[in-house]
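Only one chain is shown below, in structure tokens, and it's the form predicted on its own.
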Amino acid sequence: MNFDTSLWLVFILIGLATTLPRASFIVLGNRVTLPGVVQRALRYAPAAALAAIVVPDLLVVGNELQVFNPKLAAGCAAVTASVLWRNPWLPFIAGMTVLLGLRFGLGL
């Protein structure tokens, strides 16, 4: 097997590995019912994906892990506001107030 053949084989395998799991939900549709445990676990998938995107940005500043930084404080304020008041605008207001206050007010 030469380099070109193996490269195309890798491309095809990667394409199948990414397409088949996504297509299985569309092709199978309602014919297959997922177990209750899996359905409950899938409810947390969007929150887990959002946390996986947001948390590294809150903790890493300048390619270094910094536990105490304005972004993390703003994130904590936003989470606290969302838990306490259930208003969709208050997390934005609380988070931005803390972030801007720490950056421009205290110069952090």
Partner chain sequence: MTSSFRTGAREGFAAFLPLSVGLVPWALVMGMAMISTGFSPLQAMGMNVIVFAGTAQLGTLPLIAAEAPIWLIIMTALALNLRFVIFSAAIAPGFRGTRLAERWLAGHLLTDGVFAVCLDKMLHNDDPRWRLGYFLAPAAWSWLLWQVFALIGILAAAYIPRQWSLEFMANIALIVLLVPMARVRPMLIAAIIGGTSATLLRNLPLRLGVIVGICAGIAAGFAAENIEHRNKQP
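Residue numbers count along the first chain shown, from 1. In this text, the rigid core denotes the largest set of C-alpha atoms whose superposition between the two forms falls within 1.5 Å. It should be emphasised that the depicted structure is a prediction, and the values quoted were computed from it without experimental measurement.
Not pictured, yet referred to below: the form predicted together with its partner chain.
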### Task
Considering only heavy atoms, tell me if residue 67 and its partner chain come within 4.5 Å of each other in the model of the complex.
no
### Task
Could you confirm whether residue 7 comes within 4.5 Å of its partner chain in the model of the complex, counting heavy atoms only?
yes
### Query
If you look in the model of the complex, which residues in 47-71 sit within 4.5 Å of its partner chain (heavy atoms)?
47, 48, 49, 50, 51, 52, 53, 54, 55, 56, 57, 58, 59, 60, 63, 64, 65, 71
### Task
Align on the rigid core first; then say whether the Cα of residue 20 has moved by at least 2 Å between the shown form and the other one.
yes
### Message
residue 9: after superposing the rigid core, is there a C-alpha shift of 2 Å or more between the shown form and the other one?
### Response
yes
### Summary
Output row for the residue 81-residue 41 CA distance, |change| of 3 angstroms or more in the model of the complex, reads farther
### Summary
Cα of residue 19 vs residue 50, shift of 3 Å or more in the model of the complex, relative to this form: the pair sits closer
